[in-house]
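Here we start with a single chain on its own, the form predicted alone, put down as structure tokens.
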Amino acid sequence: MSRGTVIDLCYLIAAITFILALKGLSSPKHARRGTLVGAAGMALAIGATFFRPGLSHIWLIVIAMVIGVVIAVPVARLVKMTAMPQLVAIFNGVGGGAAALVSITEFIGTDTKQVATYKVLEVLLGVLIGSVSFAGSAIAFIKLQELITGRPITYPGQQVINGIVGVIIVALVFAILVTSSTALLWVLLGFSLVLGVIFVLPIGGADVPVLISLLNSFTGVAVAASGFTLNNNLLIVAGTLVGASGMLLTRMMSSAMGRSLPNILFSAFGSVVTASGATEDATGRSVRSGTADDIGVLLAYSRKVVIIPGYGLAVAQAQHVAKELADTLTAKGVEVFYAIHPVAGRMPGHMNVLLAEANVPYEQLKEMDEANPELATADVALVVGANDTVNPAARNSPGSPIYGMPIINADQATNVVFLKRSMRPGFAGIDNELLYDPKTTLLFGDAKDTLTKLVAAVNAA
């Protein structure tokens, strides 16, 4: 068996592991194993690549890999769970930027007049899509890190400017295909980076999970384009898998929000804040607050409690205490499970990752469609840091910005308990009618501290 055949066989095995990894990642129960399988396949692929005929600059490649490991491992191990969305965004951007650099290097090092037009187009697509992913992911990181406002940033004539930039990019692609000009390639790179920035600026915090998924898909497509450029079948397969799965996830999350993808990308959702943040609404209704001791007794004598986590749980790093509360209730004979909304948090699967870190049993994690039928039989819906994803306005108010978005039906439980820092609205910037419902009790304060008090109160009940 020749060396080339062995390398191709290794690539085939690696491609199979990538597919198995995606399958594993489809369930929280198997996600860890799926990640390890994918990592093993990538290690095999990297090792096989070192034996490719004609590979040069091996020591530079090794040095670059060492630098990458030195940076990535500490960052990945030390990052807080609240900062995981930022990490995903920046790592995704690095992937897109790397794909763009590969395409640029290939363009510069090749006599493009001597190759087929479609090969040059592959290179240009790698530059375009990779640069958009890089710049867009960088802005997403900055928004998530709160270095700039997380709300949509809009300005007059925004869509017109976007359209003009798009037209210029298309014109540059055709011009480069005709002239093979390296100077125009750098201009294309610049406009592609600009497009990535202006594409992401109008997208608000509530839509960032969908944005991250879409940018991940862009990076996959850019990597696949690099694979065609380098005649590397593994890059083609891996990039296509990432691109396709990212786009499917984007569509699923759009459906979970009850909005189309164009609406998410271009409507500047969340740019207008209509909530007052007061404990009393315009009609004179006021919220009802309680004490941890009272709620502890309510929880201890319930038959079924549903915990509905949101981004506030991540901010407070309260996942471990939430599990402790669930374990305490379970020990008292109370049925407990977690209702997970697809877009709760700031990245796809954020709540699943957070609760898995606390070793919450997978059987207690129920997705929205599975959880909702059980809310009507729940004695208590305990909302920890969620807001828009339980807002009945999405179901009952046709004029609401979130109308049509599927929600966790917390309002159908016999009692609703909200753990909130304040009356500030969610990402949508609107009041939550559920807060003023007579069966709703609010516990104000840091979620971790409040949950700790609830654990003590349940034990004392």
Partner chain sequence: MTGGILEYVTVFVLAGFVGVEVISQVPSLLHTPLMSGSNAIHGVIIVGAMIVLGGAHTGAEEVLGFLAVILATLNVVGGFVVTDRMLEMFKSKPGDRPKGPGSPGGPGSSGGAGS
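In this text, all values refer to a predicted model and were calculated from it rather than measured experimentally. Positions refer to the first chain, counted from 1. If you superpose the two forms and keep the largest set of C-alpha atoms that fall within 1.5 Å, you have the rigid core.
Another form, the form predicted in complex with its partner chain, is not on view; read the next lines as being about it.
- Among residues of the shown chain, residue 145 is one whose heavy atoms approach its partner chain to within 4.5 Å in the predicted bound form.
- Taking non-hydrogen atoms only, residue 68 approaches its partner chain to within 4.5 angstroms in the predicted bound form.
- Not displayed here, its partner chain is kept clear of residue 417 by more than 4.5 Å at the level of heavy atoms in the predicted bound form.
- Taking the partner from elsewhere, residue 50 is found to have a heavy atom lying within 4.5 Å of its partner chain in the predicted bound form.
- The stretch in contact with its partner chain in the predicted bound form, judged by heavy atoms within 4.5 Å, is 98 to 106, chosen from 370 to 378, 161 to 169, 329 to 337, 98 to 106.
- Interface residue among 291, 149, 255, 231 relative to its partner chain in the predicted bound form, by the heavy atom within 4.5 Å criterion: 231.
- The partner is absent here; in the predicted bound form, the one residue of 362, 301, 155, 174 having a heavy atom within 4.5 Å of its partner chain is 362.
- Looking at 53 to 79, the residues that come within 4.5 Å of its partner chain in the predicted bound form, counting any heavy atom, are 54, 55, 56, 57, 60, 61, 63, 64, 65, 67, 68, 69, 71, 72, 73, 76, 77, 78, 79.
- After superposition on the rigid core, the Cα atom of residue 45 is displaced by 2 Å or more between this form and the one not shown.
- For residue 443, the Cα coordinates differ by under 2 angstroms between this form and the one not shown after the core has been superposed.
- With the core superposed, residue 7 shows a C-alpha displacement of at least 2 Å between this form and the one not shown.
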